[in-house]
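Here you get one chain, nothing else, as structure tokens; it is the form predicted alone.
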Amino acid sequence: MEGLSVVVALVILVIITIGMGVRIVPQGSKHIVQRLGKYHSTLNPGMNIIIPYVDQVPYKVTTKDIVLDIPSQEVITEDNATIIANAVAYINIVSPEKAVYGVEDYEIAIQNLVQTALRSIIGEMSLDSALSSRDLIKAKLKEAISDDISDWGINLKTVEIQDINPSATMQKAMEEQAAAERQRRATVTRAEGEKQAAILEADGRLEASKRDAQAQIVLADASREAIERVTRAISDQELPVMYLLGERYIGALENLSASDNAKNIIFPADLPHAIKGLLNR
């Protein structure tokens, strides 16, 4: 009975030993093998054989793309404006042994590296440039950290700027600045409109004055022509002239009597003599 127990124990030990010596690595992963505490090899996906009790697998590394969320942080621009920026980085591990032995925690290391580079890049830009140059920031950020993380056996596939916005204080200041600018533009537009209206009004008065002057010249020419024609027609005959002047004289007196200020109108008793007086005869 005791012999049977020993055999069973040995069988179990053999099974356990064989199980420890066979390593199945899933697709998308690689395992790091240490032999007696020292790096020995990297196991690829599939079935692998290691030496039980001597070899150990302390690290299991994924070879799939890793998404690193870079936390938001305050960044000071070149013109001392504060903005809030965060990013996301896509990496994959191409050399697992470098990733696990090259840095204590590669995810935290890359996050800190991206944040530091982001502060440095935006710190050399003005506020307006930082808010409108995401592609430029992305390119500089990728260029700044790619070489550093490649030493850890990690490839930076891309890095994207998620949000880059002014801080709450800056947003309030920008809103006030925008409101002031809109008010200034409204004032300029209103003043420009009033100026154009005044110019148009002056042009209108000038044009009207020119036309009035032309009309007076035309009337004067017409009066002169009329007088010349009347002079030629009546020659030295006094009676038609007296008739015309008398007619206009009476018409003028009628208009005068129709005015609000007129009370009494007295016609001269000797109208022909009065007309002759007008003719100085």
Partner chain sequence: MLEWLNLHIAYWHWLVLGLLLVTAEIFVSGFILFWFGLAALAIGVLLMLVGIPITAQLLLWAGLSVALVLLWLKFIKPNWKDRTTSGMAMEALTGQVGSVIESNIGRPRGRLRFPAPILGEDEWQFMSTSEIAIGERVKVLNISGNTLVVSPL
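Positions refer to the first chain, counted from 1. Fair warning: this is a prediction, and the values are worked out from it, not measured in the lab.
The same protein has a further form, the form predicted in complex with its partner chain, not shown here; the description that follows concerns it.
Review point. At 4.5 angstroms, heavy atoms only, are Gly204, Leu219 and His273 all close to its partner chain in the predicted complex?
Key: Looking in the predicted complex, the three residues Gly204, Leu219 and His273 all stay beyond 4.5 Å of its partner chain (heavy atoms).
Exercise for review: Spot the stretch among 250-258, 27-35, 51-59, 223-231 with residues whose non-hydrogen atoms come within 4.5 Å of its partner chain in the predicted complex.
Suggested key: Selected range: 27-35.
Review point. Which of these residues, Asn155, Ser133, Asn86, Ser126, gets a heavy atom within 4.5 Å of its partner chain in the predicted complex?
Key: The option sitting close enough to the partner is Asn155.
Point to revise | Residue among Asn112, Gln196, Asn92, Asn80 with a heavy atom within 4.5 Å of its partner chain in the predicted complex | key: It is Asn92 that has a heavy atom within 4.5 Å of the partner.
Check your understanding: Should Glu181 be counted as a contact of its partner chain in the predicted complex, where contact means heavy atoms within 4.5 Å?
Key -> Contact check for Glu181: no, nothing within 4.5 Å of its partner chain in the predicted complex.
Check your understanding: Do Val67 and its partner chain come within 4.5 Å of each other in the predicted complex, heavy atoms counted?
Key -> No, no contact at 4.5 Å.
**Study point:** Any non-hydrogen atom of Ala215 within 4.5 angstroms of its partner chain in the predicted complex
**Key:** Close contact is absent here: in the predicted complex, Ala215 is far from its partner chain, nothing within 4.5 Å, heavy atoms only.
Review point. Does any heavy atom of Ser146 come within 4.5 Å of a heavy atom of its partner chain in the predicted complex?
Key: It does: once its partner chain is placed as it appears in the predicted complex, Ser146 has a heavy atom within 4.5 Å of it.
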